[in-house]
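One chain follows as structure tokens, the form predicted alone.
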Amino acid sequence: MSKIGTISNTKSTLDKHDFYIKKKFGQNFLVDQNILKKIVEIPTITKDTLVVEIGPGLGSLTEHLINKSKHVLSYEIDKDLVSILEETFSNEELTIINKDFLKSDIDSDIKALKMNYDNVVMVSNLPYYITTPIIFKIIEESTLIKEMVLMTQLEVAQRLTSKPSTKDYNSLSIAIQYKTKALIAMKVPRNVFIPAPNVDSAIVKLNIIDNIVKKPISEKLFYEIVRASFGQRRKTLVNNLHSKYNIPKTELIDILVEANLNPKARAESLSVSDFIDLSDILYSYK
């Protein structure tokens, strides 16, 4: 098979199919073979691995994933790209779901393949405009995906691995650090894409923690409270939680005190453990 992820091949494929870049889908095609090879070496992929990919584009990363794995399951929202992918790859090596990933049932789609595999990993060059909801969806909904290697904006990668009381620390930081071990595997310059994005990128490796030491009573409420607490970053926890739940502020102050938190605290000062304690107390209250 020809190398898909090169500048000349990418341009000729786009011309051949009279394809135009759709900004609404955040399409940026990676055209550096060295980086593509490095990406697929980061996750644990063998011939018994099922790989899930979001936004395969023209298939430059997909080609490398297929060569290493048992099978690739790709979500592609753009039907024009689906026809190109179907022309390039066979059904035996690639299953394409032409659907918005955010509206999918990941684990059901994986099980529908009726395939035996040793592990499931996600490797994707994520559409940058919906990176955060995609990551939230995976960690909240999937029990089968245990490892993720994701291309994101450098800024998002820094949030994923940031610490409390830093400018990058936000709701995504909390969710990721509760559920995974995260690290920035490599940085990627903007000039290796067609078209070049306005920002530099990074590859983030996320390993799901199998045995979380401290878990909230309700993970659903935990995630909800984390999002609500960062609703307006400059507001205190009391104000953000009052806006979300309409609990009287005096009672919210008592709840924070019970959780050993400063009533004047902002979300960015709380650790994952602090949010779990707060979530459990609010669960009992509600």
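Heads up: residue numbers just count along the shown sequence, starting at 1. Since this is a predicted model, take the numbers as computed values, not measurements.
There is also a form predicted together with a small molecule; it is not shown, and the following applies to it.
- Checking V226, L256, L30, V51 for any heavy atom within 4.5 Å of the small molecule in the predicted bound form turns up a single hit: L30.
- K163 falls outside the set of residues with a heavy atom inside 4.5 Å of the small molecule in the predicted bound form.
- Although the partner is absent here, D78 is a contact residue: one of its heavy atoms lies within 4.5 angstroms of the small molecule in the predicted bound form.
- Although the partner is absent here, L126 sits close enough that one of its heavy atoms falls within 4.5 Å of the small molecule in the predicted bound form.
- Contact annotation for P43: none of its heavy atoms lies within 4.5 Å of the small molecule in the predicted bound form.
- Segments offered: 230-238, 243-251, 256-264, 53-61. Contacting the small molecule in the predicted bound form at heavy atom distances within 4.5 Å is 53-61.
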